[in-house]
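We begin with a single chain expressed as structure tokens, specifically the form predicted alone.
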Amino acid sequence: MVKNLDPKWAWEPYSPGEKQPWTKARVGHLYRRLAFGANVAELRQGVATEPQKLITNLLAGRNPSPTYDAATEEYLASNAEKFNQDVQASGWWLYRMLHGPAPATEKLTLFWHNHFATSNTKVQNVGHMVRQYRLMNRNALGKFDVMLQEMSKDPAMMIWLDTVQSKKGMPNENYARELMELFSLGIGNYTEKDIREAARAFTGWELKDGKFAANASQFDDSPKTVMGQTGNFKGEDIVRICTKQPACAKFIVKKMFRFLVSESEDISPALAAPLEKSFADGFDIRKLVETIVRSNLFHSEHAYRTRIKAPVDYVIGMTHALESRMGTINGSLNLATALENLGQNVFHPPSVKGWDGGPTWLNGQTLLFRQNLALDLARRPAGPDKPALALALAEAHHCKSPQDQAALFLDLFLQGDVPVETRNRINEYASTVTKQKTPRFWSKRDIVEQQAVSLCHLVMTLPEYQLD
């Protein structure tokens, strides 16, 4: 169990050895947690790369592409923002996850989107939502206290939690409450009086021409007492007071541990202590993330497949692994719709608490949607006049027989890490797939394609593939 681990060993940098060799399974684990999964080339190159260097490369991302940036920004301005179409904004972000130069940054941006859960269902302004995305994206591996100050004045957040309605004599408590409960401290580390007093510090905050503005005439400038400190505090002071509480570092470390290591076990006080001490000294998110993903613990069985794949990870992971280019941003709109069916519509978290995650991702309906989506992706054409993605991938890697194709898909999606019984059942299916009845009008090519699609779909719907 995690709570019994020696913290010194747990947070030491991982170095491959006889007991913990650097394998394709560990490469896949790293790509799932720090990005959205790996394709064949990334798995092969990853095994040949020293693990700490691979982590450095993933965190750094690739060089930005001016062509990519220009195309995505033009789409955003001329479509999503111009016509206030949030499904197009969702497709735009999914396209960035698939094709952007920094998948690790996008993955952490998704984490912060769930932390500062803001929904366009209420905001009703794609421009504001995109600007909040950019705020989280540029701070995803930056300084938490800086991001929290910026988020407090973010237009989407100010509408979402009603700061714009907070006036002198009529303070709205929503932002002060969630600042403490969900964004910095956690329940039990503040009082109702702290919330009431802090709410007065955010009075007079409003939007002017879509940007933050402080209206001095609506600001309550009387003394306020928050967490034992008294002063004529403004909103910025309340944010600073919150981040200076010992509970702040504890709260963020616990959430990051759940995100990167395990959602089935809580981090123990002894294990958390070194991370909390380091994080409190500067609120450096990159340093916290690096300490975790470079550690012995992260690369051990205690972290391996200890999370249930969130819908975004499931969808983007399959699409990336199958090397579907989704040629245009419009091509990713179908993924946005699919994610809504699976329970994770980006830019639309269900509440200020975000998505619960874990077992809540899976139920009879969402499992059926996952199976149907996996089939749809496997048989989607790789391009004009090209075979299904499953067959195109198999042919690109010279896997002609069903047995070879089964081995390819098991290696790609699960790095071969499945129980012997499961592997045997898939191999048995592969040996009989050529004997299955098919429509009389099917060509030999149709039959070959269907075989590859069936095997690929079978692997993508295995219980093991639902784990992250």
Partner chain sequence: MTNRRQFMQYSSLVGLGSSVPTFLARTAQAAPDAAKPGAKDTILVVVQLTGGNDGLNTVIPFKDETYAKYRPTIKVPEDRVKKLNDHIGLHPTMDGLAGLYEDKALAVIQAVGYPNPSQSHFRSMDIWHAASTADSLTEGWIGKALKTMNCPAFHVAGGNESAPLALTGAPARVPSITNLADFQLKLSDQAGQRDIVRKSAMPSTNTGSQTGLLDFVQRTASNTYDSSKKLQELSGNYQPKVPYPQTGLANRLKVCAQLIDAGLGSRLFYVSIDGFDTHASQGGPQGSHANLLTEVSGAITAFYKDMAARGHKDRLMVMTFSEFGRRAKENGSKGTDHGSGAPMFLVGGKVNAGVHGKHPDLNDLDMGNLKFTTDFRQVYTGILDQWLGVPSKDIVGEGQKAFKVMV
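Values in this document were obtained by computation on a predicted structure and should not be read as measured data. Numbering follows the first chain given and starts at 1.
What follows is about the form predicted in complex with the partner chain, which we do not show.
Taken together, the three residues 295, 386 and 392 all stay farther than 4.5 Å from the partner chain in the predicted bound form, as judged by their closest heavy atom. In the predicted bound form, the partner chain sits beyond 4.5 Å of every heavy atom of residue 207. The closest heavy atom approach of residue 448 to the partner chain in the predicted bound form falls outside 4.5 Å.
Contact check for residue 10: every heavy atom lies farther than 4.5 Å from the partner chain in the predicted bound form.
Proximity of residue 457 to the partner chain in the predicted bound form falls within the 4.5 Å heavy atom cutoff. Put simply, of 360, 215, 337, 232 only one has a heavy atom within 4.5 Å of the partner chain in the predicted bound form, and it is 360.
Among the residues 284, 178, 237, 323, the one placing a heavy atom within 4.5 Å of the partner chain in the predicted bound form is 178. With the partner chain omitted here, the record of contacts in the predicted bound form names 252 to 260 of 223 to 231, 131 to 139, 274 to 282, 252 to 260, defined by a heavy atom within 4.5 Å.
Using a 4.5 Å cut-off on any heavy atom, the residues of 361 to 375 that reach the partner chain in the predicted bound form are, in sequence order, 362, 363, 364, 365, 367, 368, 369, 371, 372, 375.
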